[in-house]
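Below you will find one chain, with nothing else, as structure tokens; this is the form predicted alone, and questions on how it binds or moves follow later.
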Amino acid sequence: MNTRRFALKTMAAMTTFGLFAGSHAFADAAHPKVALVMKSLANEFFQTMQDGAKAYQKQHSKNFDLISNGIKDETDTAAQIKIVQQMMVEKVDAIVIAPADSKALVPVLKEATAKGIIVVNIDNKLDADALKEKGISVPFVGPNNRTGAKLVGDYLAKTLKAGDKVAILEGVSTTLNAQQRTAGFKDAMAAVKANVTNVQSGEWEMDKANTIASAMLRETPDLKAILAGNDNMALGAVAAIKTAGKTGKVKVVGYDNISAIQPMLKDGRVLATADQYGAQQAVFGIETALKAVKAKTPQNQLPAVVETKVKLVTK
């Protein structure tokens, strides 16, 4: 995508939301401009997150403006970096970001903080070492992914016995939330002495997960369960199990509680998922950012973590 097309696309998005405010020096604290930068809006979870943020802004339109952007797919970190750069050009007061990569976004976010923009991290935690290397502190507002995944894994574990073979569909492996969910799943499987035979990245995507799950089922004919790092990948696993003629024989769990997973929870194709309140996650981040902007709190004095809730969802 060339720079001109990117700029036009960004402006079009702002116009669609009725939020384009033109070029100006930083807004006064009474009416700041907040940028929400997400991962793939093709993922229902992030669409839900955006919808929640837009509804919140509509209710509080006198208090702040919102510019919302997302990338085409989960791994397009270059496009997400360009969005952050564009938001600096637009002179936003705060950036609330769900980074596509835990390390790759840190340098451009350092640039943003150097311009006095408040940066708040949601969904996928930025890498602590990368932040330390750049000398910045960015608050993470969100749930404990390891705890959430262990809740799901523990529920699955009740149906397993020692030695049962299970596989894990991991999200994008360079993201901390993917790593933490895999760790939580492993914690639960270790407790019941299940055998994790395979961990592969489905990159959060349904089609990629479907392909990998199909291979897992061929390689391990006696596989008892697939633990998916998000519900998109769980959908892919369910389809693979159906194609393999193993519906009801291989259990599936997910994470996110998107609407598309609900029928599968009801009929047992998916055993459990975790609800991390996607519609509210961006709102929690926006509230943290607005509080900092209005109080003129320096970036390095913001809290390191603002933990939000996560709950187990079953039939």
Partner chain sequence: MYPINQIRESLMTTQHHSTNALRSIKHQFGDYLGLMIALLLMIGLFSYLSQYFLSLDTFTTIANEIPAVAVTAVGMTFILIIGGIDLSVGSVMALASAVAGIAMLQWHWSLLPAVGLAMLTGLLTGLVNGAISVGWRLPSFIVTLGMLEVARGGAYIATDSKTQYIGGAIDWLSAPVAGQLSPSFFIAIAIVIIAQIVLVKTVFGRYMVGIGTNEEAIRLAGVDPRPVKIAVFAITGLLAGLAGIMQASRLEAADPNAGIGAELVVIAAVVIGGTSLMGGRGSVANTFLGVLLISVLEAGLAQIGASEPTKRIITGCVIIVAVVLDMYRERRRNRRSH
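Residue numbers count along the first chain shown, from 1. Note that this is a predicted model, so its numbers are computed, not measured.
This protein has a second form, the form predicted together with the partner chain, left out of what is shown; the following refers to that one.
Contact check for residue 176: every heavy atom lies farther than 4.5 Å from the partner chain in the predicted bound form.
Not displayed here, the partner chain is kept clear of residue 90 by more than 4.5 Å at the level of heavy atoms in the predicted bound form. Although the partner is absent here, residue 135 is not a contact residue: none of its heavy atoms lies within 4.5 angstroms of the partner chain in the predicted bound form.
Looking at residue 210, you'd find a heavy atom of it within 4.5 angstroms of the partner chain in the predicted bound form.
Checked against the partner chain in the predicted bound form, the residues 147, 85, 200, 195 give one hit for a heavy atom within 4.5 Å, which is 200. Not one of 37, 121 and 256 is positioned with any heavy atom within 4.5 Å of the partner chain in the predicted bound form. Of the stretches 248-256, 39-47, 281-289, 58-66, only 39-47 has residues with a heavy atom within 4.5 Å of the partner chain in the predicted bound form.
Contacts of stretch 206-224 with the partner chain in the predicted bound form, defined by any heavy atom lying within 4.5 Å, are made by 206, 207, 208, 210, 211, 212, 214, 215, 218, 219, 221, listed in sequence order.
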